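Below you'll find only one chain, the form predicted on its own, shown as structure tokens.
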């Protein structure tokens, strides 16, 4: 700890109760890493008991130029919540209040509230909050806002940004601000609310939000389909979308993903069709809407799928979901490490992309199981390798570079819901022109002139795999 940081931390301890600020070794270790599992120890961990505490922390940090990293559960895979420059970590988990306004269809939520808890609170009042990352039972609303998280419902309902009506929090200076209000219309000044969404805690600290809810869909229906190969699956999906079917969820699993899931479950999804790519569809909405779309989907499945199975109730639907839930964790039979890249590909490029992916597997010699949300093109490309094998590590690094450049060439995005953080910092300039990066840096400098908020991320290319990873299991791993 530098002399300046030590002095600032002593001041902080005088300003806040002893239970709020910790420099204990165990607390520092727990706050030193996120799901990237790369450790950067901070000098202190702050667990605010009220939102005003954060203003105190930031005012002192800004005065003494102490780096500040904000975290919830640390489920981010990109190193976004790892305190790479040390300093102070603000742990937001105690700020977790949820209040549902059932009349207006809004949720008033603090940033440390878990997404799953919000969804259950909304459903109890007949409302629905659609964004649903796979870590929803662990991840927080603040973290979802920080990286503009999505999930499987994105194709029909949108992502976190589409549900944020207002934000409140603190600037780097410690000044309290509110962006928007609890109304469905707001056009009074610059839209700084949307600048904060997806900014990974680099422009301010979100403490609470007003979120839009939609009526809870009264009807659901689930169908699992199998195809000859990946090209047939994606070509068939495009035909489904051309028929104006808008599934609430439409998930694609390639052959490698299915093989891993089937081995983990010690069964085959469709007898006699082991290891074939799958598309899992869920319709949701009013009873008449679901009934009409169900007829279209069944007709499509009979024309294009090699096999299909519909759920007659929610219990059977959960059984159909098992293969999707198992595939990510089951991939570790192919390697002890993976680069999980949440790229986005426009629909017009699906077939070009799947051909590129097949060629990339051949060139790299690595397994690259791929699954994801084909209703919005957000695919999770998992480059598997063994960390003890230098050749495989070099091949993985080369593969991810080629992947990112190809995705951008196809008109896509290097990240759909994970953000940039540390892991994707080498590729920001692949996605964005120099003028665009310069404009983003200008915004950062204007709102955080001393550069204290989550420094060392996004703009500074880092080869994250050069850092040794921790041998630690987190409860949300492989979900």
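Positions refer to the first chain, counted from 1. Here the structure is a predicted model, which means the values were calculated and not measured.
Absent from the display: the form predicted in complex with another copy of the chain. The rest refers to it.
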* Asked: Using a 4.5 Å heavy atom cut-off, which stretch among 318-326, 120-128, 88-96, 295-303 contacts another copy of the chain in the predicted bound form?
  -> 120-128
* Asked: Of 336, 194, 137, 397, which one comes within 4.5 Å of another copy of the chain in the predicted bound form, counting heavy atoms only?
  -> 194
* another copy of the chain: the contacting residue among 221, 170, 353, 179 in the predicted bound form [heavy atom, 4.5 Å] -> 179
* Does any heavy atom of residue 412 come within 4.5 Å of a heavy atom of another copy of the chain in the predicted bound form? -> yes
* Asked: Would residue 431 count as a contact of another copy of the chain in the predicted bound form, using a 4.5 angstroms cut-off between non-hydrogen atoms?
  -> yes
* Asked: Hey, in the predicted bound form, does residue 348 get a heavy atom within 4.5 angstroms of another copy of the chain?
  -> yes
* Classify residue 419 as contacting or not contacting another copy of the chain in the predicted bound form by the rule of any non-hydrogen atom within 4.5 angstroms, answering yes or no. => yes
* For the spot marked by 8, 37 and 390, is every residue within 4.5 Å of another copy of the chain in the predicted bound form through some heavy atom? -> no
* Asked: Going through 241-269 from first to last, which residues have a non-hydrogen atom within 4.5 Å of another copy of the chain in the predicted bound form?
  -> 241, 242, 244, 246
